[in-house]
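The chain that follows stands alone, in the form predicted on its own, written as structure tokens.
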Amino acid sequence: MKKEIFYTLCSKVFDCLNSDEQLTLFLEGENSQYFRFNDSKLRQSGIIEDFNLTLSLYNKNKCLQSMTTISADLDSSVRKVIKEIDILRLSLNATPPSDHIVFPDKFGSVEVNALGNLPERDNILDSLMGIIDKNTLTGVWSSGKIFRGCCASNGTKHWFEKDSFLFDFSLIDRNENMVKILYPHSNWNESEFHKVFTDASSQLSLMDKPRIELKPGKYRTWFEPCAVADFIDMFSWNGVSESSIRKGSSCFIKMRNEKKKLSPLFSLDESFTDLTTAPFNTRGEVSSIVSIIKNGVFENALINSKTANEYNLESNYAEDENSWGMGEYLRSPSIHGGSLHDNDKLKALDTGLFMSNIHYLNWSDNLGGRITGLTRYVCYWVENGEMIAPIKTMRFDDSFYNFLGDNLEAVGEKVLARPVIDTYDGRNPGETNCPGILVNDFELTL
């Protein structure tokens, strides 16, 4: 969809509002090519053009939302949106008022065009099939444009458009050992992809050894950036939300109420400076950098306008609750890099665990910050800085107050962007920027 079509649609819809009504329109869309591979064979192929519009209709201190799909057919889409507004009006009459509902202030318009160099759709398969048959591969390729847009009846207009691709794949050997790789970018380079694939093949060959069975206990551990990103994702579930803290359900309560600190090596921001995702939220409010944890000290929670109004705080324009039930969640988290060079990580680890991936994470003690999960894929036992053999799958259960606190020994210098891979509601432009971390005492339980 072109920006001009969206802006024209919004203008026509706003002309139909009553004098006591205000409206925001938030667009999420994509124009994508998908390929699904299994056993190194193409199993599915398709092109998706999908544009979802969220309407938020305000009348004084009342607000209701609805969602509909639209298309580039302007007249048809305008009629569809106006019909949705008529339905909302009927329900709004029976909706009780709320002191915490406010229409968003006007913000300066933001336009981001993160253009890249994507392979032509007809050439993608040729580029991939020439190499993926060298190992058994299962995975999904997605590429194309991702769109976000927001207009408000007070004149606010935002547009975000991004070219990107992501190849999320696993290599599998005859013994069903697996190596999982995320290869994201905005600029396709076939020779670079060949290197990524070759490195993955090398990792897979290391897995073809008898697995070591570890006993439950505490181990010195190196976490690769993708594993660290999975831990950080947990902070969006009853973590960084100011509302969650006020309701007593946040893992950050100890940092707020007891002034508990993490390691001075750990700093976390919500940052939109690299413009890899839309800096505006569904209300059209523009976010900037929020320092959440600085050198181990908790500085700020994420606060949306509703929470700010409820508790008489200043909003930092966090997101409202999404379809997953998460409110004030991380959209563009970034952990500061450290001083440990990537080539020195195994030497610094010396003897212990190398974890590239973890999965099935959940809170085992939310208020205590304890996270449980499983090791996955390339998780290795290391001795004297040398990878010895893969480990059997283990369950871990430890508090981030430990592994991001006193037990955090070093942070990697290299910061990698781990993209959001969920596609339940469509492709997401979000990224988590993380370095690897070295922990001197991480608890495996089962």
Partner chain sequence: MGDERNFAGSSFVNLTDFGSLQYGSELMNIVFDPTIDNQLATYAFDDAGMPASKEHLIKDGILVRGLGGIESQVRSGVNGVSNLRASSWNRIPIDRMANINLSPGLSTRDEMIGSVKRGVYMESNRSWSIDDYRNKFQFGCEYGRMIEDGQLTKVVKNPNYRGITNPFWEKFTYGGRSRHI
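If you're wondering where the values come from, they're calculated on a predicted model, not measured in any experiment. Positions refer to the first chain, counted from 1.
Keep in mind the form predicted in complex with the partner chain is missing from the figure; the text below concerns it.
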property	result
Proximity to the partner chain in the predicted complex, single hit among Ser201, Ser109, Asn295, Ser364 (heavy atom within 4.5 Å)	Ser364
Listed residue that, although the partner chain is not shown, lies within 4.5 Å of it in the predicted complex (heavy atoms), from Ile172, Ala348, Ile82, Leu275	Ile172
Contact at Pro184, Glu224 and Gly436 by the partner chain in the predicted complex, all three, heavy atom at most 4.5 Å	no
Region of this chain that lies against the partner chain in the predicted complex, out of 147 to 155, 163 to 171, 259 to 267, 333 to 341 [heavy atom, 4.5 Å]	163 to 171
Contact test in the predicted complex: Tyr377 vs the partner chain, heavy atoms, 4.5 Å	yes
4.5 Å heavy atom contact, Thr69 to the partner chain in the predicted complex	yes
4.5 Å heavy atom contact, Glu413 to the partner chain in the predicted complex	no
Met178: touches the partner chain in the predicted complex, heavy atom cutoff 4.5 angstroms	yes
Residues in 414 to 446 with any heavy atom within 4.5 Å of the partner chain in the predicted complex	Thr423, Tyr424, Asp425, Gly426, Thr445, Leu446
